[in-house]
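The chain that follows stands alone, in the form predicted alone, written as structure tokens.
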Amino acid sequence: MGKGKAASGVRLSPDVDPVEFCYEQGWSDGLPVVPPTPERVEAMLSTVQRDPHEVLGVFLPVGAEVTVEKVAINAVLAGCRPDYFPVVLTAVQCMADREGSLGGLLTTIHGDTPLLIINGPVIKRLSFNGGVNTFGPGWRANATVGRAIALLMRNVSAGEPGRFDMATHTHPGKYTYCIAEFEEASPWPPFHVERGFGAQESTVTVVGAHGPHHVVDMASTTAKGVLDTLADTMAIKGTYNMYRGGEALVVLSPTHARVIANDGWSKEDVKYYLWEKARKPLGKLRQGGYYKIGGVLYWPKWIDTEDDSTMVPVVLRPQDVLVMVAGGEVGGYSSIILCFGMPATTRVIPEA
């Protein structure tokens, strides 16, 4: 896309605390940041063979040119190690592929934010977590890579909350939102292989996402039992998805995945079953939620909008159900993440 301007620098006097200076400039999300010295930024840039001033995209709402250098600066601020930078850069390229929907995601009152899903050999090489305490703290790679994306959106694109970011309520994923798949615990091919990539390729997928809704089912011993519980949780009247579709990410714990697979169910079976069962009667949807605003505008013609008993699906196609495995080895828990505003996009992370 051409070249952008080089980032400007500032020299601080010895009596100025660089961390406090970053706070004063508005470069923080409220937590301390790592001052982006030229040496630290250069260490990031040295891990990729890219022109620092290459423009990756023009992000709304301010029409900001996002350059490789700006991504590196925010990766430093977030506390990333240099070898994490190719992952961060690839995630930004996924977002650039969705420029048309990214502006709405960053400025909506809805509160969605980009979620990163890591797959492939890079998980072990950089110690991304997809096991116990998934979505939680304790792993530098998850915490800082996700935070780098959040800081980039704040510092380059949307600015501080209340300026362009007008979310009424949001969730802690706006600090950092990055998980890996627990590929060894999955009874099916990994998430990225299902999306057309090689098992030995490392990828990052980015999707606009709500926070995780944890679902417990310690009683079911069959695939249908577990999936009925998940379907009931997915079909919530107070979501955009019930009125406008979108995607739904189902993060199965290893325990739930084994129960389902032991009944001989494939991922495609899971997707079709959840699409078929995660529904709400039209009559209930008319009573509130997003109906008077979204109403029937986004539903396909096969949904009979004249019949209150019509069952409306939370996603409009089986392929809009995204399925992966992550979490601790023990426990009848899974998570549902409703995704709206920016469809899932996957790219290969280049080797160093």
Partner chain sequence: MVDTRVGQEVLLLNPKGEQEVKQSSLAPRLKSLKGTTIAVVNAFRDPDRSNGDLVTRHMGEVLLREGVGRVIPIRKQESAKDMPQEMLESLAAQAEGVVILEGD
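Everything numeric in this text was worked out from a predicted model, so none of it was measured. Numbering follows the first chain given and starts at 1.
Below: the form predicted together with the partner chain, not depicted.
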> Among 299 to 307, 319 to 327, 31 to 39, 48 to 56, which stretch has residues whose heavy atoms lie within 4.5 Å of the partner chain in the model of the complex?
Replying inline: 31 to 39
>> Please determine whether Y291 contacts the partner chain in the model of the complex, using a 4.5 Å cut-off between heavy atoms.
In response: no
> Is A344 close enough to the partner chain in the model of the complex to count, meaning some heavy atom within 4.5 Å?
Replying inline: no
> Looking in the model of the complex, any heavy atom of E160 within 4.5 Å of the partner chain?
Replying inline: yes
> Taking heavy atoms only, is G331 within 4.5 angstroms of the partner chain in the model of the complex?
Replying inline: no
> Though the partner is not shown here, which residues of 47 to 70 have a heavy atom within 4.5 Å of the partner chain in the model of the complex?
Replying inline: L60, V62, G63, A64, E69, K70
